[in-house]
Ligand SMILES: Cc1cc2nc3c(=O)[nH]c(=O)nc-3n(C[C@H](O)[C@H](O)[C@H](O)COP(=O)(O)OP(=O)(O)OC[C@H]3O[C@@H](n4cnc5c(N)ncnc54)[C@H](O)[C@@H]3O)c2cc1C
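Single chain ahead, by itself, as structure tokens, in the form predicted on its own.
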Amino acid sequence: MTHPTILWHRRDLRLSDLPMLTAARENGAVIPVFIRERKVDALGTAAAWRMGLSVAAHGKALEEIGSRLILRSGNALEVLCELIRETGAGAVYWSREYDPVSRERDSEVKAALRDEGIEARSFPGKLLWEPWQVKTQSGEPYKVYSPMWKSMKDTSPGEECPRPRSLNAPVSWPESEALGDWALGAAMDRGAAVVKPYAVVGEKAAHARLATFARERVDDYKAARDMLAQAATSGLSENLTYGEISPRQCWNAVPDSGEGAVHFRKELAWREFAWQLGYHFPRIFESEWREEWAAFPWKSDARAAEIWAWKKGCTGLDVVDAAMRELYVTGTMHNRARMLVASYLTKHMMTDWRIGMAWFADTLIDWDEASNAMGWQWVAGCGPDAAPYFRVFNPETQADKFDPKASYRCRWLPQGDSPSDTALSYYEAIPRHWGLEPGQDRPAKPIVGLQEGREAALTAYQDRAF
């Protein structure tokens, strides 16, 4: 009999198109494992809660094919070594992650296990192409999105790995901790019940979501995706975040031609670009990409009253407040709205982009480390491939263009004597100590006026002589 293989799951909670699983099955018995280690403990409130749902769904999926998911907590290397001793496993396989903390952890694990004679292998699966595979003609990583897209748009990401119908079980299963004891969603408090109906959890649900998009929405995607009140986007960022579906499956599900399909693939490539940058230039996760911005005079007090007003959706600007409330109720936010709230915070309010990045990390259920960092820097003007840094979105004109009937704003803000249920659900989701009540929580005029904020930002940019 061969020694079993430990399948170390992280953000790859699926059975289909998973290269590490395909390889592990060839060895014989497979022991799927999820470890609550430092990266999991560092997750924001909403992301930790959503991760728990994904782990639970993956555990059920494994049970359906005669396997199970073993849960352990602690230092990753120590946990894996303990499991190897308990099971006699001869190999540990995992899917690659590309952020600095994960790369350091995985290098340590790989070296230590190999020193003990254990096969330790990492596999692709998170991205369409590995970061070292996508290069300019001079062999350098791309720093600008457009040429990277041109280089990859006509390239196939390859065939998908099949979904197994069964997995060989070990002679005996190691003990597993109980997911409920981890209390991953504890910090969500009463907000969990509000957000849960909006979460689309697990591999099966992710594929149903993709199928609906490919069948009903992809043709109009380019034209309709910015309309705030329309359900025109795929929503798959949530499922990609936890690896419930692969980017290759998303890419292959749409036609090779047509404006909508091509633009959808461009968004997948934008996610790819973020992780390419995160791998080659890890400073993007915490420092200004454009080094000349390092001394820019951002406001940096995350506890300031006006910054808390932004976080709570109480700025007095309808579209900004609606978007921030959508975030608290659903755990997500329309992409166009993300740009508007980020622009208002970093430009009109002159607030450090890291404050917004951290708030999104705490409140988004589709939080992606690289996309979040690059997106905030792109809007703030200090990031890679950024729009002209002096561009300042006007939230009101943007709302008129992308929410012409104010449907989105009415959906998330209490209006008149009969506010919508979605608007009222915000008050059920927020912490009680915020003490907000409908009709009494928003100022009569914006906390920072659009004209004054724009002029202050442009003056600051001019003074810096970028």
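Remember, it's a predicted structure, so these values are computed and weren't measured experimentally. Residue indices: 1-based, along the sequence shown.
Below, we refer to the form predicted in complex with the named molecule, which is not included among the displayed structures.
- For the three residues F264, M339 and V379, a heavy atom within 4.5 Å of the named molecule turns up in the predicted complex in every case.
- Note on the interface: of 78-86, 237-245, 135-143, 113-121, the segment with non-hydrogen atoms within 4.5 angstroms of the named molecule in the predicted complex is 237-245.
- When you look in the predicted complex, the only residue of D106, D366, D318, D352 with a non-hydrogen atom within 4.5 Å of the named molecule is D366.
- Between the options N168, N335, S73, S151, the residue in contact with the named molecule in the predicted complex by a heavy atom within 4.5 angstroms is N335.
- Under a 4.5 angstroms non-hydrogen atom cutoff, the named molecule in the predicted complex has L268 among its neighbouring residues.
- In the predicted complex, at least one heavy atom of Y221 sits within 4.5 Å of the named molecule.
- Looking at N372, you'd find a heavy atom of it within 4.5 angstroms of the named molecule in the predicted complex.
- In the predicted complex, the named molecule sits within 4.5 Å of a heavy atom of F360.
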